[in-house]
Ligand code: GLC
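Here we start with a single chain on its own, the form predicted on its own, put down as structure tokens.
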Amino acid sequence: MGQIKASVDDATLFDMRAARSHEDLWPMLARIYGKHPAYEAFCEALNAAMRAAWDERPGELKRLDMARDLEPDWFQRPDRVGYAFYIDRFAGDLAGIPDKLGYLSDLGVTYVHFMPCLKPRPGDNDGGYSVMDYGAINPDYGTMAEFEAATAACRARGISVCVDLVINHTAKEHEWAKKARAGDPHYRDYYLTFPDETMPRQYEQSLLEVFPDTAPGNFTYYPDMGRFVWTTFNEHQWDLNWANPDVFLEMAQVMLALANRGVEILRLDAVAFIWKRLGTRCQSEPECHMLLQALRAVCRIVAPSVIHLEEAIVGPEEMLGYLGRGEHDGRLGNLAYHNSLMVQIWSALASRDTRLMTHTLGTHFPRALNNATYATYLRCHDDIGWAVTDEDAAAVGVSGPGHRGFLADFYEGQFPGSFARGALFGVNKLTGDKRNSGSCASLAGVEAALESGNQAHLALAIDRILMGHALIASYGGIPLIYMGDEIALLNDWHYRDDPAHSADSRWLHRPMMDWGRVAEARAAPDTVPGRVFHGLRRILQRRAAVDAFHARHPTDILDTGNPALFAFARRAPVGAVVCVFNFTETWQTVSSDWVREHGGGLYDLLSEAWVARHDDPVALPPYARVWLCQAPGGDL
């Protein structure tokens, strides 16, 4: 028989994808905007914008779309590893990125997050999150042409590029805001403005303050406008009015333009705040999820190789909504930060007690997610807010305010016996809650150990770092490494000498990349940076070989009965992997019967060695990490 040939032209392929995502897109928009007088015109404009973006999409990216359609689990696979950096601090500028990709590939990275790189307002710009032009690159980093060259170089190495898309607000210098400020009624409706303080006062009764020290309140009065503007985060960041369909249309076009320039992961910033409703916190309202489902559907039609990471640093149950629950299951974001996991790791390290961690992660999170997974991490560019609820604390006999205060003091380095070195980021005067800044290595004890010259304490600090990374690598999701953590970069206390940064302690853990330290780490495995680099690279290599760490496989939180230990099982069809972590500086044991009872065995996939014989207990040295299965091999 002769070969059967089939081909689908571009227009037909677009129509097929539009039909596939029809129910995810248009019913959501009808519920939100259906009564708006311009609804029909909006629908026509959105459809035209999607077709135009599809026509402009480069052929190479259309081929990537097809590959991702055929392998929709690509982002859930165990070879996925993320790495985040500020472009100037990592490579100088965009043109310098291609030369650094060999280093990232050697580490095992398959996903890079270019920290905010779209053109921000001059001066104070919230670390780049106050965007004045979504169509231009920060001139300090380069041009859009250089950005496209960098994404192409990453793609050639199998590395997906993530960028931030701030969707809750724009800089007050954005062209839309300038027109609104000048009195243009069309653009004034892009924002939430009020002629007097009547409505702002009513909203304030139920709103929280995000930055009470530096940006109290949620509204700013502008005398030249004679109006109050909604400014949740900072005076220079004007909240967008997502009840206006023109805002959705504008943001959809921005999103697709970035996708057509090679972006594969869109980190949608501050998504919890985009819908406002009087009498509520104006966070995580139902319309947030409808809008995010619709934006995801727009991408699936035009650029299905692109996934969404939704930045919602909220409580555990609230966060899950951004990965799709109920009617949105499998239709919303593909990734969300597992902030609770990060908080619980540092909490258990400080207290040497995993009971709160076991309770919180075992109670609030499902065993598996549909078409979505977590971004797991130890540190990021931001501060750590101690998101421990009073209810969860009480469940294990702990005071919520007391424990949160303990953690803030511990990681500032003020609690007696603390191994950490960090700084406070902010204090909520109403609740007394505090937040902390600090690099992973300094919070884990490397800085203090080097100061004291205590080699035993230094070894423990390094093991804390590696244990934490082994945990996020096996838990389920995409582990993210923040730039410099892989070489144990310490706090950059010189931030206090920079007038542009001195008021924001988060710059403590945003140092310049030390390429001399990188060379030392790669060449000298016995040095501090070398021990961390080679240890972490080994963890990532082993992770990639274990199919049980695919995000589709359930994660079951286990109780060992020993508060020093945290454990979970990854349930793959061909067998389980039981992962156990010692959160103390003392030796611990777990019985081999307990490991077998939960589906594991006595072979450690991480060290590729047997850890016990027959019925002997598994001995766990300080900060041990083991991935236990029944037989050798990485094909579980």
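Counting begins at 1, following the sequence as shown. It should be emphasised that the depicted structure is a prediction, and the values quoted were computed from it without experimental measurement.
Not pictured, yet referred to below: the form predicted together with this ligand.
Colleague: I'd like to check something about residue 211: if you look in the model of the complex, is any of its heavy atoms closer than or equal to 4.5 Å to a heavy atom of this ligand?
Modeller: Yes, residue 211 sits close enough to this ligand in the model of the complex that at least one of its heavy atoms falls within 4.5 Å.
Colleague: Is residue 237 close enough to this ligand in the model of the complex to count, meaning some heavy atom within 4.5 Å?
Modeller: Residue-level check for residue 237: yes, a contact with this ligand.
Colleague: Even though this ligand is not shown here, does residue 311 get within 4.5 Å of it in the model of the complex, heavy atoms only?
Modeller: Yes.
Colleague: Test of understanding: in the model of the complex, would residue 381 fall inside 4.5 Å of this ligand by heavy atoms?
Modeller: Within the cut-off, so yes.
Colleague: Since the chain is shown here on its own, which stretch among 476 to 484, 359 to 367, 318 to 326, 124 to 132 would lie within 4.5 Å of this ligand in the model of the complex, judged by heavy atoms?
Modeller: Heavy atoms within 4.5 Å of this ligand in the model of the complex occur in 124 to 132.
Colleague: Heavy atom within 4.5 Å of this ligand in the model of the complex: which of 506, 457, 531, 261 fits that? Just give me the one.
Modeller: Of 506, 457, 531, 261, the residue with a heavy atom within 4.5 Å of this ligand in the model of the complex is 506.
Colleague: Which one of 447, 93, 269, 547 is close to this ligand in the model of the complex, taking close to mean a heavy atom within 4.5 Å?
Modeller: Only one option qualifies, and that one is 269.
Colleague: Which residues within 169 to 188 place at least one heavy atom within 4.5 Å of this ligand in the model of the complex?
Modeller: Just 169.
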